[in-house]
Each structure stands twice: as structure tokens, then as C-alpha cells.
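Single chain ahead, by itself, as C-alpha cells, in the form predicted on its own.
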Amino acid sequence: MNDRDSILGRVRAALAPLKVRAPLPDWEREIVIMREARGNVDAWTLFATRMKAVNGTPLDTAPALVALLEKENAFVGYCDPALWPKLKPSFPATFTVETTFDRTRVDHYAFGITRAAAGIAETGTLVLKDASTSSRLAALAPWIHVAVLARDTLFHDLPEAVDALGEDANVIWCTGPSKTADVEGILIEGVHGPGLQVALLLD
């Protein structure tokens, strides 16, 4: 048994005798959804606009991703093995892309390409889940993280996305690059995770 199972086991044991659980807080969905996320707005267009507003980088073609990586001088990286056959034709020979993330060489990778479980248009948020992310470390350690999105996993608003999350034990919500402002209130990006967060739409 690892530490995680040990801690969760103790929580479950403490909760087991309780016959009635506290209800989830009640809230009115209509008052928390952005007006822009309603109606016939295209989910990707709104997602891209909102993601740019939080310093994220939305892209909709593999050549655009290659151009960005070249501009960032990022020529060595990791890619989810299930995604690499679709992306490989766009990558020139100047790139070295591995489909196994070697945790003994974390600093070796300039970028990591993994699959996003979902995107939320109203906030420009990417959703990563253990069940669909090939390597959690590849999504968090490299300076550049590319989350590949499918159009049918884009949700207009937060309630819609929450309803579709399922039961995955570990869900990460990324709204732009990693940020912190805990030292003198100065906002710094890329301290606890990627400094450049990309969403790549692949239909």
C-alpha cells in the first residue's frame, strides 16, 4: 500500500459510519455562467479568446505548433505515443521526440505533448485526467506543455464540464500557464509547472 492509498483508506474508514452525508452546496447555475458562453457561439472560438486572456496559447494546426516550438528553440520533447502518428508528419528531422518519458532525464525535455480530457470555453481551461493522460510528469515538468484537444470534448461552461467529468480520482484544471504570486504579490509564471501552456485542437 502506498501513501496515497493509506491516507484515502483512513478518510474512507472515518466516513463509513456516517449514514447521511452532507449535501453538496446549492447554487444557481444561471447566475454563474458567462453570457458569452450561451447561445450559438462556437466553443473553440470562445475557448481560444478566453485562453489568450490568461496568457495561454491556442493553436489549431500541427504546423502552427511546430513553428511555435522552433521559435521557442524547443527541439527535444515527449509526445503521447497515441498522438505521435498524427503529429509526426509535421515535425522536421531537426526535432527529437520520444514517446516514453524518462523521469531520470526530466530536464532533458523542452516540451511535453499529452491529451486533454476536455476544454472549457468560458474560462479557457484545460482539463487533464489520469485516465487519459499518458504521462502526468510530461504534462507538468517541461517548460512547454501542449494539451491536444478534440472538438467534441469542448464544453461551453463549467457546469457542463463538471457533469461530464466522471469518476477519475485525479483531475487537473489548467487555466493558462502555471502561476504564483505568493512572494510580495508579484505574479510569476512557470514556477510550479509549465511556463507556456498550449492547447492544440486536432479534429
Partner chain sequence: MARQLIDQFAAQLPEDRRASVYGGSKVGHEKRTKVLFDHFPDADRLRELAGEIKQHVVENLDTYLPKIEASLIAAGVKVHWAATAEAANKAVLDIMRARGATRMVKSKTMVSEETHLADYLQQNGIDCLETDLGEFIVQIDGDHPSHIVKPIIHKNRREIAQSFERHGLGAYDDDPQTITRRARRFLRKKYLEADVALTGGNFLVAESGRLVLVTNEGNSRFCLAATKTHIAMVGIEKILPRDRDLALLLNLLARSATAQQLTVYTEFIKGPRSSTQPDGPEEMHVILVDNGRTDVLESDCREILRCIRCGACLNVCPIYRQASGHAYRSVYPGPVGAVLSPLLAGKKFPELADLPKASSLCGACNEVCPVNIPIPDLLLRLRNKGKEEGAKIASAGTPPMGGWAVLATQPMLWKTAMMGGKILDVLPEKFVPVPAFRAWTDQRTLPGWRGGVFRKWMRTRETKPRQPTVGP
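Throughout, rigid core stands for the largest set of C-alpha atoms superposing within 1.5 Å between the two forms. What you see is a predicted model; the values in this text were computed from it and never measured. Residue numbers count along the first chain shown, from 1.
Just so it is clear, the following notes concern the form predicted in complex with its partner chain, a form of the same protein that is not shown.
Engineer: Its partner chain isn't shown here, but in the predicted complex which of 41, 137, 66, 150 has a heavy atom within 4.5 Å of it?
Structural biologist: Only one option qualifies, and that one is 137.
Engineer: Taking heavy atoms and a 4.5 Å cut-off, does residue 48 contact its partner chain in the predicted complex?
Structural biologist: Residue-level check for residue 48: no, no contact with its partner chain.
Engineer: Whether residue 86 contacts its partner chain in the predicted complex should be assessed with a 4.5 Å heavy atom distance threshold; does it?
Structural biologist: Residue 86: no, not in contact with its partner chain in the predicted complex.
Engineer: Please check if residue 82 has a heavy atom lying within 4.5 Å of any heavy atom of its partner chain in the predicted complex.
Structural biologist: Heavy-atom contact with its partner chain at 4.5 Å: absent for residue 82.
Engineer: Please run the contact check for residue 71 against its partner chain in the predicted complex: heavy atoms, 4.5 angstroms, yes or no?
Structural biologist: Result no; residue 71 lies far from its partner chain in the predicted complex.
Engineer: Counting only heavy atoms, which residues in 174 to 203 are within 4.5 Å of its partner chain in the predicted complex?
Structural biologist: Contacts from 174 to 203: 174, 175, 176, 177, 178, 179, 180, 182, 183, 184, 186, 188, 189, 190, 191, 192, 193, 194.
Engineer: With both forms fit on the core, has residue 191 moved 2 Å or more by CA between the shown form and the other one?
Structural biologist: Shift at residue 191: below 2 Å after core fit.
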